[in-house]
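Below, in structure tokens: the form predicted on its own, a single chain.
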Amino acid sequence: MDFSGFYKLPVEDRLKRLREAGRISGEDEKLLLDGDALKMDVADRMVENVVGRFHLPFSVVPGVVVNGKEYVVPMVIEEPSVVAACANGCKLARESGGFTADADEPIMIGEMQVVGVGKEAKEKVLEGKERIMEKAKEYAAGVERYGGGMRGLEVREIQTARGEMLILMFEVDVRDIMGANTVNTILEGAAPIVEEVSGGKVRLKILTNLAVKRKARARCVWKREVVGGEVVEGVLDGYEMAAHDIYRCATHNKGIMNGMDAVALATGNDWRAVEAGAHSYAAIGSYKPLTRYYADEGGNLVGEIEVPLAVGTVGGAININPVAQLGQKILGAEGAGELSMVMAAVGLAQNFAALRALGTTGIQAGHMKLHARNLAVIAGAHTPKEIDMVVRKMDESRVYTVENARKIFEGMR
């Protein structure tokens, strides 16, 4: 399906393109246009103290090629430049052959803290490992039906100001769910036998968001003749700054998360867990970029990303929120692994687009141009005609400020 010029179309024509591509149905279109898609009674059951619903734009980036498959990627975000940057990075990637990606098995780790332990506690736990695993499996029956279940148990000793503690690391294959509730249930079920075996007291029983056994990786070779030599050099210099300067590295990684968080939101996933996992992974040893860039022998730009991604295609808010279900449908990922690979590719595309802008023309001109519609509304423009006129005048002046928008709007009146 040809999505060229998609961003220039009015909303109704964009929806028509998605219908023609088989990504949405007529009912789906009504859902996207319905400001009451998340019903109040449903929202009230999702969290406590509900008094309303908060709306964010639901966008799509078509033509994202990962492992030879073309995706329409849904994104929920309020930042004007993120979707445009992702689309640009993915377009240039497609012209160079697209992204290749892979993902680990969906192994989540749950930690159990044991305090008040004696000198032989670790040995006792290792000796009783089979008993603990058998008890844990009783609480993993739900996920075992889908091919998941217990995969391992490790034991660590840590020294703290409160004394020596044992940390048991339960490894659980959670298949296509994010897995927090499943892992926590297993931990709580196994706690009594751990106390019996270790002779200590179990305190914390909780999944870790540092999902080091559930990583996704993506790679792209942006051809020099496609992106230009200046872009290649600018991206390489920008990457080296992030690799050696923590202040830049924080923003470098934040830009990656702009894209991945937006996809997580659009598909009903826990973007806070995604953030926690990514930044803690980046901080192992010392805080470093989640991406890596280098030039190959032909002078082409090679970009790579590796990041833990605990996401699901079923369960949690996905089963409750109809718009999240539609986001999953539009993307069309056949399982959590495929979703994580697309998200990793989006994070890499987002990062490449930011480095490309920063290393060449600068980021602010493009960012503020996309922000111009927001400035027009702040200035008082409300109708599409008024907003377009204010934006056009700001584009002509190249001064993107609230003051200039107000001056233009007042002059129109």
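Throughout, we count residues from 1 along the sequence that is shown. If you're wondering where the values come from, they're calculated on a predicted model, not measured in any experiment.
Here the subject shifts to the form predicted in complex with a small molecule, a form of this protein not shown in this document.
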So in the model of the complex, does residue 252 come within 4.5 Å of the small molecule, heavy atom to heavy atom?
-> yes
Contact label in the model of the complex: residue 258 to the small molecule, heavy atom within 4.5 Å = yes
Flag residue 248 as yes or no: does it have a non-hydrogen atom within 4.5 angstroms of any non-hydrogen atom of the small molecule in the model of the complex?
-> yes
Is there a heavy atom of residue 171 no more than 4.5 Å from a heavy atom of the small molecule in the model of the complex?
-> no
Work out which of the listed stretches, 350-358, 62-70, 40-48, 22-30, brings a heavy atom within 4.5 angstroms of the small molecule in the model of the complex.
-> 350-358
Find the only residue in 79, 233, 164, 306 having a heavy atom within 4.5 Å of the small molecule in the model of the complex.
-> 79
